[in-house]
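What follows is one chain in structure tokens, specifically the form predicted alone.
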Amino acid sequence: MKKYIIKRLLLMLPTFFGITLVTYGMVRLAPGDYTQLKAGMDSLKQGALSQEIIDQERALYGLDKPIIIGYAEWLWKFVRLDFGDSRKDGKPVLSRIGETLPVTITLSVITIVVIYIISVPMGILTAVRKDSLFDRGTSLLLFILYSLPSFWVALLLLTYLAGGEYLDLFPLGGITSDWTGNEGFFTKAADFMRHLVLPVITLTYGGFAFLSRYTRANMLEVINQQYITTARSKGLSEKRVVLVHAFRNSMVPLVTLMASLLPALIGGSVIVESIFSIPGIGRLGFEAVLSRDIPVIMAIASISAFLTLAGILLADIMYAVVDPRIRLDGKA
């Protein structure tokens, strides 16, 4: 196990460098020049902006050098944990990420927990009651939910549950109310969770169909195996057969999904965070792409790449935990 982990960690390094190099190259080669655009907007307010200032701005972020050299300079700063300053407002990149990351992680963790708590038991139940009225009705409802666009659902929730001519149960957007400045911890926490209700609903309803049907398909494949029939013939209860024997062996494909959970914690949702005015990292990344804010883009891409690779490694290790028959070192 130790040799396998060390080998995988060594393989992660070139993969990480490749991901960040491609990301850096795409940003540099993207059409449009934020420096010229910024200079043009400022010139309307302050008069003509000298070419010298534009060149200084380009040199500050390595835009006056070839892509490989610019990437090498960024990589050297990254090794020293220096993410630089934002090209848009001059603030430290780590400071901007530190302001948005906790919000996105909180929203993502709640979303993932809700999806798994509801979808996995539903998938098991529909597999046990295959072709029943419950199975067919649940499948129809889940596929209807899965087909609904998230931005449309978000707008419906805001229209009917956040004021206007209908119910006024939740805030329109943001993560806190203005009146909570001097309130206690529990009041602020309750207000914070109230702001997250509609975004969490928007992020979770689509995941129910995918994960529940995925769990159902894995359970049906395992339930039809010979050892499940043998377990039933020994007189074991149906609950023990399903939860202990069938579900544990069907968890191996589910563990594969763990590889996407870690990057999902910081990936955020651009659409949801924009509609509900949530200052998350997904919205920060979208704004960074529009402004060609290379330091912010590279910081988010680096963290996402690292978490993706770490999630894949964690999923491989979990295979051996869930199914002891799996040996990562290749030994019998």
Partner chain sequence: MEKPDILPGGYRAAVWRNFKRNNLAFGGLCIVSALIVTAILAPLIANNKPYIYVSEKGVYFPLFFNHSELKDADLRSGAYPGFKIFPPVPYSPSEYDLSFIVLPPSAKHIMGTDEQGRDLASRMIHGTRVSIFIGFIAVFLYVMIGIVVGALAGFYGGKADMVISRLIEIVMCFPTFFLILTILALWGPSLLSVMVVIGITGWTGIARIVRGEFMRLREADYIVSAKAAGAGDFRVIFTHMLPNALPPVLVSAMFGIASTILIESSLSFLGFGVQPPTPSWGDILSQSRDFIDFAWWLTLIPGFAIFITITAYNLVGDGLQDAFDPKSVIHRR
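Just so we're clear, the structure is a prediction, and the values are computed from it rather than from any experiment. Each form is matched to the other, and the largest set of C-alpha atoms that superpose within 1.5 Å is called the rigid core. Residue numbers count along the first chain shown, from 1.
There is another form of this protein, the form predicted together with its partner chain, and it is not shown here; the text below is about that form.
- Heavy atoms within 4.5 Å of its partner chain in the model of the complex are found in one stretch of 94-102, 152-160, 108-116, 78-86, which is 152-160.
- Interface residue among 217, 140, 189, 244 relative to its partner chain in the model of the complex, by the heavy atom within 4.5 Å criterion: 140.
- Contact annotation for the candidate site: 4, 167 and 280 all lie away from its partner chain in the model of the complex (no heavy atom within 4.5 Å).
- For the chain shown alone, residue 208 is not a contact residue for its partner chain in the model of the complex, no non-hydrogen atom being within 4.5 angstroms.
- Taking the partner from the other structure, its partner chain in the model of the complex has no heavy atom within 4.5 Å of any heavy atom of residue 232.
- In the model of the complex, residue 147 approaches its partner chain with a heavy atom inside 4.5 Å.
- Of the heavy atoms in residue 68, none are within 4.5 Å of its partner chain in the model of the complex.
- Residues are counted as partner-facing when one of their heavy atoms sits within 4.5 Å of its partner chain in the model of the complex; in 275-298 these are 275, 285, 286, 289, 290, 292, 297, in sequence order.
- Once both forms are fitted on their rigid core, the CA atom of residue 132 lies less than 2 Å apart between this form and the one not shown.
- In the core-superposed comparison between this form and the one not shown, residue 82 has its Cα shifted by less than 2 Å.
- In a rigid-core overlay of the protein, residue 73 has its C-alpha displaced by under 2 Å between this form and the one not shown.
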